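One chain is shown next in structure tokens, namely the form predicted alone.
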Amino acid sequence: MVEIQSQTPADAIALPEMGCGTWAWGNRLLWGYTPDMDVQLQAVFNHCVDQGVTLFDTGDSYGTGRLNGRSESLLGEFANAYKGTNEHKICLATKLAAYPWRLTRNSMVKACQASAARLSRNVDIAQLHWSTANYAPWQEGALLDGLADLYERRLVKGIGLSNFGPRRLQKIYPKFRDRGIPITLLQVQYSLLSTYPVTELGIKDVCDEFGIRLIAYSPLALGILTGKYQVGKKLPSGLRGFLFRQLLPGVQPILNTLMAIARYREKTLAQVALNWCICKGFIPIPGAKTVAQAQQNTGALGWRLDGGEILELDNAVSQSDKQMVQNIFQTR
């Protein structure tokens, strides 16, 4: 196990407008990962960093079966090999799972050490992958204490949370405030097909009050917002295909509006959808398995939707009668 070195604190973290999610890297079940993709994934990493997408999000639970941890291993390999533009801005953020056997604050420290070993470098931002409030609220305190310990001991530059709602955030925030520890970021599922954290929970107002940056995971709704999939056409196999069959008929107002704006802007649907997230004050972290996908993602940078276009998309959301299934760990 590698030794974690002392690091500069959170004020040294410069977060970009967009990050890259690496859930698919090592995931065979949902994303069809195979090791022969690794060369392409390294090219994805290199393109992202070169274009200023320097925040990479992973998790110690990413990778299916014997490939568990593969996402972290690949990410560390690519980061350590990269030499070039924005090299010193690379920020590796990992999510530490709230596994039922992680019951002590030291278990979080050990988990971060294990992640650092797979990355072969320090973790920049350590995050609690989900709140246990919905099923084991007694477990959460020790995990949050351990997360704070990582920062207090300068083993990470920053700490973050994932799937916490405003009520839960307000409840646990004093734990960090009283120790003088800032929460750098909070991840929620957010896209044109998943506005629940903002419209129904009001998470953005609380994060703005506490100075926490919001990360939008699944900003392309598992690929629905790319426009690649249509009713009556070939859909992905497995769980994604089943979900798409349920959702696609009800989200046509959103897809039609995306298409109209994309044509006018000479952009893709995905680029418009990602730009909308940015305009809403989020840092989207779309995934990419190919350089073409990475190039499409970075094409969402360097321009902004105007107020009228944002309103059109917001109206389309209100007209849609379907939303993405919410993460079961999302708290209120």
Ligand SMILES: NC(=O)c1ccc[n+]([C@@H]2O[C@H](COP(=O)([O-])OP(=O)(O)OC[C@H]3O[C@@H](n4cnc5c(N)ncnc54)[C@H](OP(=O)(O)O)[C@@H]3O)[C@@H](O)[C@H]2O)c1
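Heads up: residue numbers just count along the shown sequence, starting at 1. Only a predicted model underlies this, so the values are computations on that prediction, with no experimental measurement involved.
Just so you know, the form predicted in complex with this ligand exists too; it's not on screen, but the next bit is about it.
Can you check 177 to 185, 197 to 205, 258 to 266, 220 to 228 and let me know which stretch has heavy atoms within 4.5 Å of this ligand in the model of the complex?
-> Flagged stretch: 220 to 228.
Can you pick the one in K110, R240, R154, R121 that has a heavy atom within 4.5 Å of this ligand in the model of the complex?
-> When this ligand is considered in the model of the complex, the option within 4.5 Å is R240.
Only one of H129, R102, R213, R168 has a non-hydrogen atom within 4.5 angstroms of this ligand in the model of the complex; which is it?
-> Exactly one listed residue reaches within 4.5 Å, namely H129.
Report whether the minimum heavy atom distance between K289 and this ligand in the model of the complex is within 4.5 Å.
-> K289: contacts this ligand in the model of the complex.
Might V44 be said to contact this ligand in the model of the complex, defining contact as any heavy atom within 4.5 Å?
-> Close contact is absent here: in the model of the complex, V44 is far from this ligand, nothing within 4.5 Å, heavy atoms only.
Could you tell me if I285 has a non-hydrogen atom within 4.5 Å of this ligand in the model of the complex?
-> Yes.
Check whether N163 has any heavy atom within 4.5 Å of a heavy atom of this ligand in the model of the complex, and answer yes or no.
-> Judged by the heavy-atom cut-off of 4.5 Å, N163 is in contact with this ligand in the model of the complex.
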